[in-house]
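The chain below stands alone and is given in structure tokens; this is the form predicted on its own.
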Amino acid sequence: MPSDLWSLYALMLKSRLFEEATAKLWHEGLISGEMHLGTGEEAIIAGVVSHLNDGDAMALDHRGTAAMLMRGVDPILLLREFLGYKDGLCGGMGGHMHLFSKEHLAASSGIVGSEGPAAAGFALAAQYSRPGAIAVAFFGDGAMNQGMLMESMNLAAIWKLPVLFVCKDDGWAITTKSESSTGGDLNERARGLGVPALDFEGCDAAKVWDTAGTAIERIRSGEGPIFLHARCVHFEGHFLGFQPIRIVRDPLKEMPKVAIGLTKSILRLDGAALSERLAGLKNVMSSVITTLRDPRRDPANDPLLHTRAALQSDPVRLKELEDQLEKDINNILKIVLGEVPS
């Protein structure tokens, strides 16, 4: 167990509260476009980022908010960026998927798999200018099917680049189960490219911290890249507003929106054959049933609850920490929305 599980929990809870506040703004229509939250990934991010030093770099995917926040990027700048303000982190031009912080050597991209080349570049630069520094690539399991990520892992192995490749595997590729779109074993795939692989459950912050610490120590010593395969959940699905989850949470409100359209389609005299239209209805119902059985609905898979359970022996300290972080996030919201001066 890490020497200070409290610090890990604080990082995780701050991230969760911040993303929940972001979701509220999105639902209110203040943030446009898609919004990909990292709720469910907090233990993975905290367990890795807590080992990083000055000079270490991060290459992030389209769920880069938590890592940016835990690395120390100003949450006010992040939220202003999401809202499209000119004084946001990237001038309001990057949104939540394309975030850059030169000060923190951190960059995110919505291009699946691009974290590999970016991390390899960071690591190559570190070999020349910052000996002992490393680069971390955070990506989902879908990125493991992208050629540029595979090429980056191969290059990192050949050149012994100081890269930690972290795969956050939630078992889904948007609405498709990964098992139906990904062949073989991801750990064996990494090993086949010459990159040692470690596999673990990503909801256990202590386990992540311990595994990541060992891996990073080996990378800093010059042993080359390592692949971490961490299983996790995305409680909001691929993005906010993910329809199967909305239907499960509020069937009386959401199901008629789907049922009416499907019913009209089935009853039309023209168009596709009836068998094809019935197949569409079957696919929708199958998706809803799958979501009902989805591990995203199981509180046992929530990394915050898992970590919090280990801290309940000191309820006073726990409440003080949670109250303070909630107060901090509420204050950030008020500043960003102009309710109090910055």
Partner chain sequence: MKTMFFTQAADDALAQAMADDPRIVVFGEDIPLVRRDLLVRFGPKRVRGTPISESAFLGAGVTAAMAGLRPVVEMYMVDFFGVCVDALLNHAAKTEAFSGGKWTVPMVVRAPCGGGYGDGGQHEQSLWGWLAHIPGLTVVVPSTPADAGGLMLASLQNNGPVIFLEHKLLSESWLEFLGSGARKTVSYDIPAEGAKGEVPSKWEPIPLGEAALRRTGSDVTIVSLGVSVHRALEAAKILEAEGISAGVLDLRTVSPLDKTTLCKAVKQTGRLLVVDEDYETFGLSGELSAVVLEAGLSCKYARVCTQTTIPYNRNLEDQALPNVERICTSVRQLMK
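Positions refer to the first chain, counted from 1. Take the two forms, superpose them, and find the largest set of C-alpha atoms that agree within 1.5 Å; that set is the rigid core. Values in this document were obtained by computation on a predicted structure and should not be read as measured data.
Absent from the display: the form predicted in complex with its partner chain. The rest refers to it.
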Location of its partner chain contact in the predicted bound form, chosen stretch of 226 to 234, 93 to 101, 201 to 209, 163 to 171 [non-hydrogen atom, 4.5 Å]: 93 to 101
Answer option from 133, 73, 216, 112, heavy atom within 4.5 Å of its partner chain in the predicted bound form: 112
Any non-hydrogen atom of residue 298 within 4.5 angstroms of its partner chain in the predicted bound form: no
Residue 29, heavy atom within 4.5 angstroms of its partner chain in the predicted bound form: yes
Heavy atom of residue 283 within 4.5 Å of its partner chain in the predicted bound form: yes
Interface membership of residue 221, its partner chain in the predicted bound form, 4.5 Å heavy atom rule: no
Interface residues of 148 to 176 toward its partner chain, as seen in the predicted bound form [heavy atoms, 4.5 Å]: 148, 151, 152, 154, 155, 158, 159, 173, 174, 175, 176
Residue shift check between this form and the one not shown, rigid core fit, residue 275 Cα at least 2 Å: yes
